[in-house]
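Taken one at a time, structure 1 and structure 2 that follow are two forms of one protein chain, written as structure tokens.
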Structure 1
Amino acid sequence: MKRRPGEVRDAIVSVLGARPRGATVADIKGEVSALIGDVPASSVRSYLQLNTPGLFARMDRAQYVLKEFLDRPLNDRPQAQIKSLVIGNAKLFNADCIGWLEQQPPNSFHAVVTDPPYGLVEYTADEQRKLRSGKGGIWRIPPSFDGSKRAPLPRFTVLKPADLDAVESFFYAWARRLIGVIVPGANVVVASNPLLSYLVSGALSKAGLERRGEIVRLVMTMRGGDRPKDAHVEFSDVSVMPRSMWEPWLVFRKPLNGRVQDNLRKWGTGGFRRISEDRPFGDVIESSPTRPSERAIAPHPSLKPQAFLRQLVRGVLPLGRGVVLDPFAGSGSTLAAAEAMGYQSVGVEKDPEYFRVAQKAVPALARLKFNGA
């Protein structure tokens, strides 16, 4: 891949500019790759150690920092100006979660439930503007079904190898930031899809989280099942790929501090909250598509239904106490589910429009009534 002069250097500066405490070569490499595509670790080391001695300094434990930060105490190093608000038991921040996580104290959160944007171009400011205006853009609009107009979908079936590499790098960089701010034994539950879950799972494992399985959301989607494009008559008995009837939510955990019982006593984490005395938390949850009434409250293309989220959010805190984090909060559906369960929660959303929507959507979604939720 041909790069403009100084592109790798500038990306390293951008990464370390958001990390006043410094970062390892592996972390810097992962985050630079997430920004500009795959970059060899050797190129990163060359800039850090040889090419630009005036920019970077080596710290203890093989970490690097911008030289301009080195002589400042941590509390005097630059902090991003971040908008925030409190909604009931929830706190919501308008920020990029990568830089935001860097500023959080260790062991701040007890569980993570999130539906990430996968670093796809669909979620850039320009494409989101086109989506909201209904004019142009690359969002895929599925066909109508049973007379109902379908919502736009991100395109997961046409990603190029460079896109897939970027997804993997994005999740590795995110998980490396995340692991320091969650307590031992914290559950990390991440929405995925069958086409990309293997990449996400590999990146989270490489970052140091323990894979604990998957939660299956049983739901009929509009992905798959179509006949060959421009040949649907000729091959009328063929589906190009299976119609998706489930959605994987990856389950990870930060390594325990001792045994499960030790971790539960110290941190309140290390398992899932049982549904009842006789029913353990299960890995299959039946679900319906998100209702139009919920989409009217919280217009987001990836909005998940409250009836599903409340079951999931309730389960991630085994003792029913702690703070649930959603680093990709969107229009606030996870925070609303936590609010409905009486949990504390924190959300981070980069898009100013979704941040604005969430202010009203969180309390409105939390007030919705469901049988058993």
Structure 2
Amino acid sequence: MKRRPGEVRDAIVSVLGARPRGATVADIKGEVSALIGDVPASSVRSYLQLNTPGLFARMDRAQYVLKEFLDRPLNDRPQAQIKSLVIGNAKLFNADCIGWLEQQPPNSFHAVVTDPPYGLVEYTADEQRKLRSGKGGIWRIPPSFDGSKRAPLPRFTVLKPADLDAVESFFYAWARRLIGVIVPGANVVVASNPLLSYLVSGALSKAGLERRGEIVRLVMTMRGGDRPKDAHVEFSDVSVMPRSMWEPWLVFRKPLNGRVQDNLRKWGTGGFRRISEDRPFGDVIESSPTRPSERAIAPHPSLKPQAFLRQLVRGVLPLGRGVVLDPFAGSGSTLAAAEAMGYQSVGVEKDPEYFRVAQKAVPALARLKFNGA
């Protein structure tokens, strides 16, 4: 990949600019790769060494920090000015969640329900500009179906091995920070897709979260099922990939502190809330694609439906108390589901346009009525 001179150095400065406490080479590599595409750890390391002690300083445990931060005491290092808003029991921040998580005190959150950017590149400023102008990029518009127009989908099959490495590094760095701010026994439920879930799952386990299974969202998606491109007549009986009819939501947990009952008593975590006395929380949830009426309220290309999210969000707090976190909040659909359940929630969204959308969407989605939810 051809880079402009100084691109990697500038990306490292931008990543460390949001980390007054510094970061390891592995973390910096993950975040720099998320910003500008894959950059090998060796290259990050040589930029750091080349510019140390000018721009960067090396701390203990192979952490690097911006030199300008090191010259000041920790509590005097600049904090990014972060916009936030309160909507009922929900609080939403307009920030990059990686730096934001670093600023949160330990034991702040009791569950995580989130739908991250899977290929990482699809929510970069460049790809969002292409999506908004309807031209090129990773987003494709699936053909209309049953007369209805479909929302754009990112093409994860175009990711190259280096992009896949960047996905893994990013989720490792993300999970390391997350573990620092959630309570023992907290459930971490992460939306995924069958092409990339193995990478994310591996990174989360490596970071120290315990894998507890997967929730299957049974939904007819627009992925797969197509005949071979430019040869669909010749091979009319062939689907290149299975038509995807489900979506995996990875289920992880921060290791318990003691027994389940100890965690339940101390933190209100360590299990799932039962649906009723005779129905446990299950790992298959029937769902439909997001309804056009919800899309009209919350125009986001990855909007998840309230009917599904409310079941999930309800289940992740076993005693119905605590704070649910969504670090990739998009239009705020998780926060809206938490509002509808009467739970407290916190969201983080880095794109100012989606942050603005969420301001109106959270209360409007939370007001929607469903049978049984």
Ligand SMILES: C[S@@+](CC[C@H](N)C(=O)[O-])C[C@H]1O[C@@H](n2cnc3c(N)ncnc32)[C@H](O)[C@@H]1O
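Under this definition, the rigid core comprises the largest set of C-alpha atoms superposing within 1.5 Å between the forms. Worth saying up front: this structure is predicted, and the values here are computed from it rather than measured. The first residue in the sequence of structure 1 is number 1, and each one after it adds one.
Annotation: structure 1 represents the form predicted on its own, while structure 2 represents the other form. After superposing the rigid core, the Cα of Asp10 is displaced by 2 Å or more between the two structures. Relative to the superposed rigid core, Val44 undergoes a CA displacement of at least 2 Å between the two structures.
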